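Heads up, the chain below is alone and in the form predicted alone; it's given as structure tokens.
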């Protein structure tokens, strides 16, 4: 651990030398990938070790091959890029990795010094800060969506202009209709045309069909995995729940992602019956918060059952017209719509998983998370499920009041133990 700390400090000290800092970051990702591949933590399940490995690989691919990469957000239809052999870098993951290098504070400060509001989501501020320092690899293009997070639009617009790259915002209607599906499909066609120009490559619709078939098969395994969670559990740590955002979103359709869920299903089939209190998270998981780490990372008394954001779409995509199918997926995804749509889906997931308690960590700067907290409180009160709302910052460790968080968390856990 001391060596890692020294390395991270060395990166921080060299941020004003962006060319060198980029090499240090890339080296760190590459070494981490090799390390988890050969010396993964044997205390965790085989599926989780594999998840750790492929997420490092997914991150390394885009960083090592900027001439074949594109910036995306978590809801970008990356199936198009997978079909073209383009490596997506989703900004939320990049920022999380920078927090893993313990340099998120200086990146955030850099963004705010450039005039970015301190109320902006810290995932976005860290990414913007990396752009201000010049340590971001310049991709060939960027694509984001209007789904859930309005910060995406301005972050992508700002950095695309700064890096002088083409970018596209997919406007996704909140309600489905034949016209809405055609509207989104037309935008996907425009993205394909842009990608063909940018990467000097012809798009293969048959290849996209293959990607979608893999995605559909993957979702079959995800649904089967969910069905086991009410009685069994794969002991996990919080960072794996966040890593699952790679596989549940941006890298859907990749063979490695399918293999991961095959392994995960096998692990839960072989898992012990649930004997600890099971906790389900709404939205994001505070993987760096010490009190949460103490209780939930392979904890003696509590198990993580998952996070709703990893199950916002587990349906089937039309393979006869994959672009139409992807358009329907974008419109139908849980977080594209009003609270009634979101809460209805989450309630269904909760009814399947049957958690003992639910936690919503309201991430600083996320209007969606903060705005829905009390609405969930009312719904879960009716269902008789203990619910904890905690305010904090998943990225910027300086914004968390550790003592206050620990007090509230322990009080919540006492309620669970008394039931």
Partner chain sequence: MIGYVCKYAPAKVLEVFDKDAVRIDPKIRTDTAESLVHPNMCSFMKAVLEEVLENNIDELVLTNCCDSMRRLYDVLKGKLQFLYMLDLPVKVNNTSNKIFYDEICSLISAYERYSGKEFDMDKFTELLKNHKEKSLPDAELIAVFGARLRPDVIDNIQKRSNIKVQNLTCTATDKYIKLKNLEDQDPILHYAKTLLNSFPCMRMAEERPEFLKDIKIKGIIYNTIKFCDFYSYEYAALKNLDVPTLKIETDYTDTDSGQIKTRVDAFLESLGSRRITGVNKEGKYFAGVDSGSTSTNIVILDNNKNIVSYSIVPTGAMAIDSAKKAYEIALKRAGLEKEDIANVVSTGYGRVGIPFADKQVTEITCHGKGAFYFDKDIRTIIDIGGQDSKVIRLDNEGNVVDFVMNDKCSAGTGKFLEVMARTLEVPIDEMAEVITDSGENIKITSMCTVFAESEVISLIAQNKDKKDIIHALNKAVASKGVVLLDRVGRKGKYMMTGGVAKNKGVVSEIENKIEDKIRIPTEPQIIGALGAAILALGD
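Here the structure is a predicted model, which means the values were calculated and not measured. Residue numbers count along the first chain shown, from 1.
Although it is not shown, the form predicted in complex with its partner chain is what the next lines describe.
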Within 4.5 Å, heavy atoms only, which of 265, 271, 180, 194 is in contact with its partner chain in the model of the complex?
180
Which of these residues, 284, 342, 326, 141, gets a heavy atom within 4.5 Å of its partner chain in the model of the complex?
342
Taking the shortest heavy atom distance, is residue 364 within 4.5 Å of its partner chain in the model of the complex?
yes
Touches its partner chain in the model of the complex: residue 65 (any heavy atom, 4.5 Å):
no
Is there any non-hydrogen atom of residue 388 lying within 4.5 Å of its partner chain in the model of the complex?
no
Is residue 17 close enough to its partner chain in the model of the complex to count, meaning some heavy atom within 4.5 Å?
no
Counting only non-hydrogen atoms, which stretch in 217-225, 313-321, 233-241, 141-149 is within 4.5 Å of its partner chain in the model of the complex?
141-149
So in the model of the complex, are 333, 357 and 405 all sitting within 4.5 Å of its partner chain, heavy atoms only?
no
Though the partner is not shown here, which residues of 153-168 have a heavy atom within 4.5 Å of its partner chain in the model of the complex?
153, 154, 155, 157, 158, 161, 168
